[in-house]
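Before any questions on binding or motion, here is one chain by itself as structure tokens, the form predicted alone.
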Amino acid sequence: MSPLHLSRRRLFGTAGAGVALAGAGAVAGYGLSGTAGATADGVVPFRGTHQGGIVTPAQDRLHFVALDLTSTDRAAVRDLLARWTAAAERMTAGRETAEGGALPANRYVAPADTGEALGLPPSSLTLTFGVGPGFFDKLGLADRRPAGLAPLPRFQGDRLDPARSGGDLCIQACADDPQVAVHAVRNLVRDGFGVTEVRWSQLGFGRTSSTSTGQATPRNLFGFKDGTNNLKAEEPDLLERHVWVGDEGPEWLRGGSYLVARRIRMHIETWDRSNLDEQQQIIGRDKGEGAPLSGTAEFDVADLAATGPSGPLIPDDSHIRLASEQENGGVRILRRGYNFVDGSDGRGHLDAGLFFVAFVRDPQRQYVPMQRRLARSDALSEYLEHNGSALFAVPPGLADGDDHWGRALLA
């Protein structure tokens, strides 16, 4: 990177910390029960080996919510999770939370379902459930908290807002219709009154990764193709290695994963004033085709050793180099993030960016070292600001019958 590039970025004075935004060698994989996505009628199976919404082909819309427990009564929490499971299974099938829930026979009682999804198809809705560190402390289950669920450290450049971070539980709703996703979260939150309360939530649009060979590579709000190196649903062996918790985890978590959530504001107005060459040098890819600067086609393998008259073709501080598998000891992560635009900041700039979601087998050995490296050296960091952060353990999928969210954990 030339002195001119550095001085121009410093001139605009943005700050932040790096994250995998553009082809960071991420992982996706098989859907539930070995399938990849929804049936012909738009239904993603709710039960299976793994929860939906992890390796399911990424849908277009997201509603993510983190909640805090307001009760320390294990029985009350267990009962709520059983009710949530029943409602979630119905909603992913395109049904109301209860039979006749939106239009009860007695018009003088409050409807059990809020009704805004009546007449809408299932839209590939998935609902993914996780638990945070506080869940174990509040319910006296410290001995059951897995080692990987240690709180994430504060990375260089973080500007974390406590009101956008943490949580005792999370629910991730993904769908191809935003109203279907919002309806699902709204009704689960409503049923949790007295046991849980919302800590924070995030809406997202425009997936920022491809998790199936049938999906084209999307673009992020910086205009670059994002997630080129994601592994696809047809490559399960790497999921076993990098995503699913094995025998090293407690029994209730084996076959599950960990969910890392980071709200990353992108200073897009500053980015838009950078010339095309600078943008491409920062990312390490061509903006049009998405090819690494050492290649000609999007899916060419980045040659990190390739040099030209001015030095490495892929700069030492470029995003794809620092986030690559080669530079991180073979680390891979499954990325499943979304764009967001949450109005303006009151100073004429959009509050917009990436809601980063990643699933990993061990966050302390996979995500934390990668993010430390990015936060310290990534040229892209000057255009980013991490203002929200959370980590959750995501149990495996549910067996047929009366199995419900959290049952094994609370047994």
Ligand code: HEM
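From 1 onward, residues are counted along the sequence shown. On a predicted model such as this, the values are computed, not experimentally measured, just so you know.
Form predicted together with protoporphyrin IX containing FE (HEM): not shown, discussed below.
**Item:** Binding-site state, shown form vs protoporphyrin IX containing FE (HEM) in the predicted bound form, superposed, 3 or more atoms under 2.4 Å of backbone or C-beta
**Value:** Here the answer is blocked - the superposed ligand has 3 or more atoms within 2.4 Å of backbone or C-beta atoms.
**Prompt:** Considering protoporphyrin IX containing FE (HEM) in the predicted bound form, which of Y258, F129, W84, F224 comes within 4.5 Å of it through any heavy atom?
**Reply:** Comparing distances to protoporphyrin IX containing FE (HEM) in the predicted bound form, the residue within 4.5 Å is F224.
**Listed residue that, although protoporphyrin IX containing FE (HEM) is not shown, lies within 4.5 Å of it in the predicted bound form (heavy atoms), from L62, A58, L380, V44** = Spelling it out, the residue with a heavy atom inside the cut-off is L380.
**Request:** Flag R336 as yes or no: does it have a non-hydrogen atom within 4.5 angstroms of any non-hydrogen atom of protoporphyrin IX containing FE (HEM) in the predicted bound form?
**Result:** The answer is no: R336 has no heavy atom within 4.5 Å of protoporphyrin IX containing FE (HEM).
**Message:** Whether R361 contacts protoporphyrin IX containing FE (HEM) in the predicted bound form should be assessed with a 4.5 Å heavy atom distance threshold; does it?
**Reply:** Looking in the predicted bound form, residue contacts with protoporphyrin IX containing FE (HEM) do not include R361, since no heavy atom lies within 4.5 Å.
**Prompt:** Given that the partner is absent here, does Q281 sit within 4.5 Å of protoporphyrin IX containing FE (HEM) in the predicted bound form, heavy atoms only?
**Reply:** No, Q281 stays farther than 4.5 Å from protoporphyrin IX containing FE (HEM) in the predicted bound form.
**Asked** Taking heavy atoms only, is T270 within 4.5 angstroms of protoporphyrin IX containing FE (HEM) in the predicted bound form?
**Response** Result no; T270 lies far from protoporphyrin IX containing FE (HEM) in the predicted bound form.
**Request:** Look at the candidate spot formed by A66, V180 and A184 and say whether protoporphyrin IX containing FE (HEM) comes within 4.5 Å of a heavy atom in all three of them in the predicted bound form.
**Result:** Zero of three within 4.5 Å in the predicted bound form.
**Prompt:** So which of 109-117, 199-207, 249-257, 215-223 is the stretch with heavy atoms within 4.5 Å of protoporphyrin IX containing FE (HEM) in the predicted bound form?
**Reply:** Among the listed stretches, the partner-contacting one is 215-223.
**Interface residues of 121-142 toward protoporphyrin IX containing FE (HEM), as seen in the predicted bound form [heavy atoms, 4.5 Å]** = Contacting residues: none.
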